[in-house]
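In C-alpha cells, one chain follows: the form predicted on its own.
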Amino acid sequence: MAKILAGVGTSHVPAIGAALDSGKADEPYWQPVFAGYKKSKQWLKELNPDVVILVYNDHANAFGLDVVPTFALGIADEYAPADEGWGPRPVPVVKGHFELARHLGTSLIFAHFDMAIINEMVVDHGLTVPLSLMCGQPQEWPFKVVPLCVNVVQYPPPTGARCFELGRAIRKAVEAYHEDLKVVVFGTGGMSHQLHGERAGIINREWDNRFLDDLTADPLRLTKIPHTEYIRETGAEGVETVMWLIMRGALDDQVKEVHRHYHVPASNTALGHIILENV
C-alpha cells in the first residue's frame, strides 16, 4: 500500500529560480532565503520518497487564459521545463509516475472531483522552483512527480474548503494504490504578495504566520477563509495559499511540525515554508 508520510508547503517565487540558475544564491540578499531550506533538503534526502504529488499553479505557460481548468492532473511519463520568456530553466526534466497518476485521476473523478486529465504539458517555475528549493540543483530529480495544477489565476478559483476536501480524497486514493510507495505532498504558492497595482508589494506577516500556525493546529479554520479575505489581507496573488490546503487535507488530522521558515523579502513577496509529518 502506498502511504503519504508528510507534507511540504513552500512559496514558488520565480526570482528564486533565477537566483539559483545565475549563481546568486550566496549573495547577501538571497542567503537568508536559502538558509531556511538547508534543514529541509537534508530532511527530504533522509526521508527519500518515491513520489511527490506537487500542487502548484501554472502561470500561462501550459494553459492560456482561453482554457483554465480548475484542477488539472498530469498523467505522463515526463514533463519538460517551460520556456517562460527567457528560455527553459536549466533543470532536469521532471519524471512522472504514470501508473499512480492514472490511479489518482480515476479515483478522484469517481470521488466527484471533475479533474482535467492532462497527457502532455510543460511545467513552469510554480513546480520547478519548489523542487530546486528542496533538492538543490541535481543532475536528475531524486523522485518521480505527479503534477496537480490548480487555477488561482482567473476568477473563480476553488475555495479553501474544496481544496482541503480534494486533499482528503488524494489521501484515500493513495492508500488504495497497490504498490508500496513513500509519498510526500507539496503545496506551493503564496504567501502574501501582490504583483501589480497600488497595493503591489503588500506583505501581511501576522496573517501569514497565523496561517502557518493553523496548518498544524487548526486547519479547519483555514477552510472557512473566503476569497475576499485572502485578497484583502494578503494581496491578489495571496490566494495561491489555498493550494497548501490540498497538502494539509492529504495528511492525518494530527501532524507534527518539523520545520518552518518565513522570510521577507524574497523578490517582492513574503516567502513561507513548512514541513509537516504524520504522527
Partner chain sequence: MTAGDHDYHDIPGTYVFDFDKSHQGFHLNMFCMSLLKPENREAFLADEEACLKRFPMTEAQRQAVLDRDWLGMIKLGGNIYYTAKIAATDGKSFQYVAGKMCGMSQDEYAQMMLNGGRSPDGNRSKSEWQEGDQ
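Computed from a prediction, not measured in an experiment: that's the story for all the values here. Numbering follows the first chain given and starts at 1.
Heads up, the form predicted in complex with the partner chain isn't pictured, but that's what we're talking about next.
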Might residue 41 be said to contact the partner chain in the predicted complex, defining contact as any heavy atom within 4.5 Å?
no
Would residue 228 sit within 4.5 Å of the partner chain in the predicted complex, counting heavy atoms only?
yes
In the predicted complex, does residue 63 have a heavy atom within 4.5 Å of the partner chain?
yes
Does the partner chain come within 4.5 Å of any heavy atom of residue 197 in the predicted complex?
yes
Is it true that 48, 80 and 141, all three, sit within 4.5 Å of the partner chain in the predicted complex, judged by heavy atoms?
no
For the chain seen here without its partner, which of 201 to 209, 104 to 112, 162 to 170, 126 to 134 has a heavy atom within 4.5 Å of the partner chain in the predicted complex?
201 to 209
Taking the partner chain as it sits in the predicted complex, which residues of 154 to 189 have a non-hydrogen atom within 4.5 Å of it? Please list them.
154, 155, 156
